[in-house]
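Here's a solo chain for you in structure tokens, the form predicted on its own.
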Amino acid sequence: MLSPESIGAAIHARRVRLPETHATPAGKRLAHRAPHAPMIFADTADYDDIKSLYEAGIITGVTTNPTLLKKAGARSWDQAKEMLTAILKLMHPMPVSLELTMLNREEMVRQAEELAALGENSVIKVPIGGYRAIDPAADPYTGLRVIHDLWERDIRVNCTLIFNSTQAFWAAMVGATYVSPFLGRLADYEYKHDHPERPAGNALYWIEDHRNAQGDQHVSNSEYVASAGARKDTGVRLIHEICAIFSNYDIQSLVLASSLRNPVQLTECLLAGADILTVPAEVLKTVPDHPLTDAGMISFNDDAQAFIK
């Protein structure tokens, strides 16, 4: 886990230069005490869950995808758009990320325009790469081209499936409003693919012979991300690395930490400097919970009975 002393001052300096995320409404006497705190997005398409979290003041945005829409009951594209429209209306003006289902550049741009028309607070999710994994003949730069196409059309983009800092950098360079590192999946990958006789993280970073005579080097991530600590912290180190790079160059794209697995990772991403955390609704429901909080409430309630008529 990152320690507070490892967090650079530059990350804070960048954060406070960004627009306030929790501005105090005009005319209100009591100012908001966390104007530069990160935004919290719910990763769900369940309208009732979103409404409950929104009304509790816990979330300031939503991220969705086809899997979540199916889970919430969508059985057709038209039904999915109806559900998304309702979520956009509920959350307005807060951002709601809507995922494309097409993989061809022209079709992706057309679908993005269709989804953007559902609400002015819409954000279009575009994967950074992976297109050749579906079609070996595909343009490897499809995602970057689409992001730039949408930037030229003034459509906000959330660039997804990011697993290293250079992917995040290039997404920002072509106009992504948000970059989404999928931190939870990095540890999953290492646990599954690490060579057991080598140091942890070797599935993502391994350089033993600078000539790569054996053809087995891995430089998918920096050594800091892949090997500079416990496997379970790999994703959080990626968040920290991206935030540091964005601070170096005052890059304004927002770092959206995604695929969080548990509440502790919320704390770790806050330490790392994430601008936004997108969290499954089930994890957000546990935010107020702690065993000592429960015990304290029972004690307070018992003592309060003496003053209740």
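From 1 onward, residues are counted along the sequence shown. Note that the structure is a prediction, hence the values are computed from the model and not measured.
Missing here is the form predicted together with a small molecule; even so, the following discussion is about that form.
Colleague: Only one of these stretches, 57 to 65, 25 to 33, 241 to 249, 267 to 275, has heavy atoms within 4.5 Å of the small molecule in the model of the complex; which one is it?
Modeller: The contacting stretch is 57 to 65.
Colleague: Just to confirm, with a 4.5 Å cut-off on non-hydrogen atoms, which of R156, R185, R105, H148 contacts the small molecule in the model of the complex?
Modeller: By the 4.5 Å heavy-atom cutoff, the listed residue in contact is R185.
Colleague: Is S52 close enough to the small molecule in the model of the complex to count, meaning some heavy atom within 4.5 Å?
Modeller: Close contact is absent here: in the model of the complex, S52 is far from the small molecule, nothing within 4.5 Å, heavy atoms only.
Colleague: For K81, is any heavy atom within 4.5 Å of the small molecule in the model of the complex, or not?
Modeller: No, no contact at 4.5 Å.
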